[in-house]
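Take a look at this single chain, the form predicted on its own, given in structure tokens.
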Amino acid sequence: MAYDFETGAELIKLCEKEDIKISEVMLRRETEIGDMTREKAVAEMRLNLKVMRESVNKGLTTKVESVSRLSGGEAMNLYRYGDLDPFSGHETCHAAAAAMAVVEVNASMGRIVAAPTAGASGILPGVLIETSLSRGWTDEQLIEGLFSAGAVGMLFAKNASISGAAAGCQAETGVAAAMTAAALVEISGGTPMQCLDAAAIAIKNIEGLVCDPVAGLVECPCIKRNGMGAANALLSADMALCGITSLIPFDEVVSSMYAVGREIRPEYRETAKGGLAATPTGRQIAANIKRMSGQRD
């Protein structure tokens, strides 16, 4: 098939051969492999964008508490603080808050778009939607960014993992940050190679990050990690756009991430048996939630 690709190198080759962006390659691949029209593929991505925007707005305007009461309202607090004088800057602080807002909505059983997973669903929409407000990006530009992000996410899914249970949180919030960084670069006019450099930089920043959800819930530390992932994506995109490259090629970074992920002990891969989940407070929270739900050991 003309537009199928298995590696970052193959993706770049397609982009350079036809002088097109990553988003265009991905769109053509979807219409070729997915047996759908171009208009249908764009319409489905537009629907994803709509749901993403709704989840951002809901989490930033409503205190959406989870059943466990472990989360709810922190995104709103951070967003308001972003209007003051945050060390991270207004745009970064607001983007991080928007990312957290989506995962709070997810924890409250609200509707979100997995990007690439529910636990990492805040970074891509939070950053793109919040940044578009200050940059004046159109929905058409955001949709292109989402197709570009999808291409990067697919490469991780094919050649590594997007599962915390398989490779730790680096495979979830890490991949989400990489997808987002690539999308930011493309929308900003960067080259396909700069997109993959940004994605590689984002992963290298947190290679080896474990998945240790307290009480097995996608709330602590997941929500705050989405906020940090937003900052990671923004700075990784800035590095690539200013001409900084990844010394290790994208495909090798992907392989390295997966190799590290497979070496992470099982208790640090979404089992809630290690890390923060195994702290005295983490165990007490888990016990309290069990009592609330009437579970027995």
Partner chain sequence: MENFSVFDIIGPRMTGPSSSHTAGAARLGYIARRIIGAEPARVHFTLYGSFAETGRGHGTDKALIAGIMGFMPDDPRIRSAYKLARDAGIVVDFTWSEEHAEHPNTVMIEAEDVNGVETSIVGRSVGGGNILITEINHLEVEVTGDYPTLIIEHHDVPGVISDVSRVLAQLGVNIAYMKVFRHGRGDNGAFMCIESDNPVTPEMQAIIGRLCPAVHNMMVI
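Numbering follows the first chain given and starts at 1. This one's a predicted model, so the numbers in the text were calculated from it and none came from an experiment.
Another form exists, predicted together with the partner chain; not displayed. Remarks below refer to it.
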- line: Partner contact check in the model of the complex: of 90-98, 142-150, 191-199, 77-85, the stretch with a heavy atom within 4.5 Å of the partner chain is 142-150
message: Can you pick out, from Gly110, Gly208, Pro221, Gly73, the residue that has a heavy atom within 4.5 Å of the partner chain in the model of the complex?
response: Gly110
- line: With the partner omitted here, the residue among Ala259, Leu247, Cys242, Leu47 that in the model of the complex has a heavy atom within 4.5 Å of the partner chain is Leu47
query: Hey, in the model of the complex, does Ile129 get a heavy atom within 4.5 angstroms of the partner chain?
result: no
message: Against the partner chain in the model of the complex, would Leu276 count as a contact residue? Criterion: heavy atoms within 4.5 Å.
response: no
query: Looking at the partner-bound form in the model of the complex, is Leu124 within 4.5 Å of the partner chain by any heavy atom?
result: yes
- request: Decide whether Arg29 counts as a contact residue for the partner chain in the model of the complex under a heavy atom distance cut-off of 4.5 Å.
  value: yes
message: With the partner chain taken in the model of the complex, which residues across 37-69 come within 4.5 angstroms through any non-hydrogen atom?
response: Ala41, Glu44, Met45, Leu47, Asn48, Val51, Met52, Glu65, Val67
